[in-house]
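The chain below stands alone and is given as structure tokens, in the form predicted on its own.
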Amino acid sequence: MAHIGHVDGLSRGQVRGWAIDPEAPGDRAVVHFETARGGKLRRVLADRYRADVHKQGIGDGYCGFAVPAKHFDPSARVRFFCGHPLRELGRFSFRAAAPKAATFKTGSLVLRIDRRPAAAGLTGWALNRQDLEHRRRLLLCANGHIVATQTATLFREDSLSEGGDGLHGFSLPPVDASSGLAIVDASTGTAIDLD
């Protein structure tokens, strides 16, 4: 199985994220990064404690990484890789003010999706503004079938604007479907179509 993880983005002057090999969760992953396609690969060990990842039951939580932004040119586009052979874990661009995102609101449920298509995986955050302490259990559905589930507990700084402690993020796996996608809040049954 390939490494899993996420590039969270810039926080407190560092580009942060996490990476882990689900088949060897006690081994610390080495994350490689480059600032130009085909440029020199540099690396950082993913060994920082991430309580948000640990709460998801992913390893022991020591899978975070952080690279000081001062090491990058302000116009850099950084690509992160992990595993053997190396596979792209995610990207970060200093040029973009914020990733392209879509926000959906239904009643008190707020759902923000960072990137599409679903073949690249779906990341974002979900919360209920009337019940900020209860983490949302999300069901990802494709053509009426549940293909993945996750409780939204990963730290997302951008979710703080809606209140709460910021532990409302999710990272759902890639889905081989171009239509019929929906995310359902399992607690309330609220469905949000992503098409």
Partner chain sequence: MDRLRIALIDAVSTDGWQGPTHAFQQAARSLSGMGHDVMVIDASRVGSGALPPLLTAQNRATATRHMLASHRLAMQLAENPPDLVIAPLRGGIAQAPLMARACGEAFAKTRFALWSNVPSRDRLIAGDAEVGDLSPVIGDAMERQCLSLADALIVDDASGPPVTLGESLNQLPHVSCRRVARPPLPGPAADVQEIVLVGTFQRSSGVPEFIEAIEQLDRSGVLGGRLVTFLGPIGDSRYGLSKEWLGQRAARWTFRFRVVPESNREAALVYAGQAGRLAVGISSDGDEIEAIRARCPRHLTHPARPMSDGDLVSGLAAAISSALHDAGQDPLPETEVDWKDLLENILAQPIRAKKTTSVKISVCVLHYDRLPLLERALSSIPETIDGQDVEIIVVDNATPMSGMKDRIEAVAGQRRRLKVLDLKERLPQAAACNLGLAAAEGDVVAFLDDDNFYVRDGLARLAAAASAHDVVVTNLEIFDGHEGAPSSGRLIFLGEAHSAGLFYNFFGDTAMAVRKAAFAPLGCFHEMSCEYPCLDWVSLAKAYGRGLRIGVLQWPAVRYRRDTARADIQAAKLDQAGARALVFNAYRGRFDAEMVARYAQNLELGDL
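Residue numbers count along the first chain shown, from 1. For clarity, every value in this text was computed on a predicted model and none was experimentally measured.
From this point on, the text means the form predicted in complex with the partner chain, which you will not see here.
The partner chain in the predicted complex comes within 4.5 Å of a heavy atom belonging to H71. Using a 4.5 angstroms threshold between heavy atoms, G180 stays clear of the partner chain in the predicted complex. Residue contact with the partner chain in the predicted complex: L154 places a heavy atom within 4.5 Å of it.
Not displayed here, the partner chain is kept clear of R129 by more than 4.5 Å at the level of heavy atoms in the predicted complex. Candidate site formed by R42, R48 and Q150: every one of these residues places a non-hydrogen atom within 4.5 angstroms of the partner chain in the predicted complex. Of the residues in 51-77, those that come within 4.5 Å of the partner chain in the predicted complex through at least one heavy atom are, in sequence order, H54, K55, Y62, K70, H71.
In the predicted complex, the CA atoms of S171 and R12 come closer by at least 3 angstroms compared with the shown structure. Note: the CA-CA distance for R12 and T151 contracts in the predicted complex relative to this form, by 3 angstroms or more.
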